[in-house]
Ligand SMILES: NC(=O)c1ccc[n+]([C@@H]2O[C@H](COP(=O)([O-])OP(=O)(O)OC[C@H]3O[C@@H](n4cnc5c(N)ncnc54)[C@H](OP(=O)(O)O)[C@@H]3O)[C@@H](O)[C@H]2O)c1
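Before any questions on binding or motion, here is one chain by itself as structure tokens, the form predicted alone.
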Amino acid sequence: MTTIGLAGAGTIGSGLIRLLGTTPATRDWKIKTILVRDLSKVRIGLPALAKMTNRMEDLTDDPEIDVVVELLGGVEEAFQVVSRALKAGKAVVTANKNLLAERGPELFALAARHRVALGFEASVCGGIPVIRLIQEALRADHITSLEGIVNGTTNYLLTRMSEERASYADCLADAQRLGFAEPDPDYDVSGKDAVCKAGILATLAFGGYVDFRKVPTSGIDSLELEDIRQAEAMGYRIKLLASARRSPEGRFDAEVGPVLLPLGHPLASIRMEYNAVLIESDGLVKTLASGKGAGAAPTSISLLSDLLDIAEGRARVPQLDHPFLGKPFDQGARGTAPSRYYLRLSVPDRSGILAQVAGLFACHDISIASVLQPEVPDEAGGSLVPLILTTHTTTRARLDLVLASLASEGWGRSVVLRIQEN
């Protein structure tokens, strides 16, 4: 029999409890203790015999508990629970992407030192077994790149904007009403959620710690319906991508941000709240994993998968060569990889502005491929107006010099999206 200590009894914790109660393989398992922050809160559906506590020692120091499942969220409190459990020789399962992205090297070092398993399949892409895919199915191959739609909220918003021609504000309001977006959506729409997941996946794929705090990140909160229209008129679809790649020379590059994908790209057709990760490798060339990326049911399935591995002796105990313990990658300076770009600039509505903008691009040796200045009402004269353009192949470093020059002129905020060709 497996005895579990559960830290956190929210939506995901309740989902795991329900799943444990309906899975034949876990009929003899027991949730002995549940750690919560507020003992006075009324909770429905928890095991009748489970002890409720607000003391983490009741989980981490109890010799009868075999596995601690951490679902608290956040970093500091979760780190205290997980690290103490590992030091006590207990296996741990977590869905906490923030914890692993930020404190992963410390936790995997503890797991290796105390020879216990640390399961984290549920930390990225909910029910999609992408971590298992990288760590097990592709361990004999050489991964060269990965890119994925790893945040369901942003994909839902972009799908609605594309298919219904609805504004960002209207789609966000619907997503919040349906529970796809939080009341404060910044963590999702700014790319912060996706970059934590990118750090975890890139670490596992390339064998060295990738610090998410050093990955260039942008979100979709500045996008407008006009950007969606223009991208699709050009034969592209906008998706928020987390991507990382390693060149044959060993150069590492990673980024998170909205990208113009060709309509035929495997990720361009991923709709609504679904997630997908495309992995390129020498042997299998392209491997695509797609499915439900969030929610109580998908996340609980991944948690239970890790728990079953631990209970049945299949879980991998981290060794000193674990990717999170590998030498951190030199993530270098941003903007060395060549690419094309889409830009929507806010420029003064006056004569000669096109020539001035073209001159700034020419000064930095960037060739403009196309220009569009949407018409605005006559009464808008003298204000900032949109100017949409695309570039031929250049580097982000050069483009940033142009953007800095525009900013020094006091012009409005720019939208910059990478154009992916294949």
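None of these values were measured; they are calculated from a predicted model. Quick note: we count residues from 1 along the sequence shown, nothing fancier.
There is also a form predicted in complex with this ligand; it is not shown, and the following applies to it.
Within 4.5 Å of this ligand in the predicted complex, a heavy atom is found for not a single one of V150, K192 and G219. In the predicted complex, this ligand lies farther than 4.5 Å from every heavy atom of N275. Although the partner is absent here, L71 is a contact residue: one of its heavy atoms lies within 4.5 angstroms of this ligand in the predicted complex. By the criterion of a heavy atom within 4.5 Å, R37 is counted among the residues contacting this ligand in the predicted complex. Taking the partner from elsewhere, G5 is found to have every heavy atom lying beyond 4.5 Å of this ligand in the predicted complex. This chain is displayed alone, yet in the predicted complex one of M161, A294, A181, L138 has a heavy atom within 4.5 Å of this ligand; that residue is A294.
Checking H392, R43, K30, H364 against this ligand in the predicted complex, a heavy atom within 4.5 Å turns up for just one residue: R43. Of the stretches 91-99, 140-148, 202-210, 283-291, only 91-99 has residues with a heavy atom within 4.5 Å of this ligand in the predicted complex.
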